[in-house]
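Take a look at this single chain, the form predicted alone, given in structure tokens.
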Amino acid sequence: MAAASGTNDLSSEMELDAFRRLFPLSFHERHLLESIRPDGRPLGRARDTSLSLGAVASANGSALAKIGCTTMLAAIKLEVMTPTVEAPDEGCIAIDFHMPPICSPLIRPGRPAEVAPVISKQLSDTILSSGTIDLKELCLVSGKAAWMAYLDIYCLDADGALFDAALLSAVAAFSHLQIPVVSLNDDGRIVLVSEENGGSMKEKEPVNKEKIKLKMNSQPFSLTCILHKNYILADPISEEESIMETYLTVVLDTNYQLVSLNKPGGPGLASTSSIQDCIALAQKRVKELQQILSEAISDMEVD
């Protein structure tokens, strides 16, 4: 009897898997009728999320972010630059989002992912427009020297809601960023002061005497929602994104102010009530992500 029961269970499991592969939309819609996802989540709940700061030892700031299986590694490298004439007392931020072939079977070697530059632009617009980083904080000597912050984000596993995870890793990396010790040498140039030669180096004029944390204002966080018929699914996986093509990304700052609202195409229309519901879900998500980031910073300080 036990063997027969096991065989029946295996047969049912195989039939379910075959149905999911052949009719993915019908499979998901059957779950929607029960207000639940195939992974057991309620429609409005995001996946488990984790953050680890200092993931790249050679970077000035770094973070590893995971939302479900979606994984992002962000690293910041600082270099001294000459400020522009238009903004002599401001530094700059350059953001690049990378999708190597290891992140998804859909990404082929030698063929850049089409979505990568789109997410790079979206990240840059979000971080700069949100005001979370005052570019004046990156100035060293007005009109002469400032920091150029190169932020590179690598997608290690692309399982949906890529922008959400990329933005989280970027905010976490900037939270971990430490600005190096620099001074003016006899030639009037900015030089890095290493820990080894810091005591013996004859400084003409110290710019900062110790490593400092970058001051950040209200931080942006995002939540992507799928809009399908009368349902709203928060934090979709890649399978859900591929079969339900209408989705909306809401970006709020930690004061719950709307930073941006992005609907990248899709056949469905977003009604006012749907947008309001997505914003309400995003507000709850911002609170969760704030807590996760605070805990990661606390863990880093303890270490």
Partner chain sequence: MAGKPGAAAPTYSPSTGHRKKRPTIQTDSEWVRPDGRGLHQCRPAFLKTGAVNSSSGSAYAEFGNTKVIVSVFGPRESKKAMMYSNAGRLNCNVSYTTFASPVRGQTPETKDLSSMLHKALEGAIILKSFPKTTVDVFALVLESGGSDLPVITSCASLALADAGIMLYDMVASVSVSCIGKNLLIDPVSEEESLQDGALMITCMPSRNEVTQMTVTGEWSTTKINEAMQLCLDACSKLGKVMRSCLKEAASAPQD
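Predicted model, so just to flag it, every value in this text is computed and none were measured. Numbering follows the first chain given and starts at 1.
The form predicted together with the partner chain is left out here; the points below concern that form.
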property: The partner chain: the contacting residue among Ile212, Met216, Val118, Ala94 in the model of the complex [heavy atom, 4.5 Å]; result: Ala94
property: The single option of Ile190, Ile179, Ile133, Ala113 touching the partner chain in the model of the complex, heavy atom within 4.5 Å; result: Ile190
property: Contact of Ser142 with the partner chain in the model of the complex (heavy atom, 4.5 Å); result: no
property: The partner chain contact at Phe163 in the model of the complex, heavy atom, 4.5 Å; result: no
property: Contact of Ser124 with the partner chain in the model of the complex (heavy atom, 4.5 Å); result: yes
property: Contact flag, Ile232 vs the partner chain in the model of the complex, heavy atom cut 4.5 Å; result: no
property: Proximity to the partner chain in the model of the complex (heavy atom, within 4.5 Å), stretch among 28-36, 243-251, 51-59, 270-278; result: 51-59
property: Sequence-ordered residues of 54-87 touching the partner chain in the model of the complex, heavy atom within 4.5 Å; result: Ala55, Val56, Ala57, Ser58, Cys69, Leu73, Ala75, Lys77, Leu78, Glu79, Val80, Met81, Thr84, Glu86, Ala87
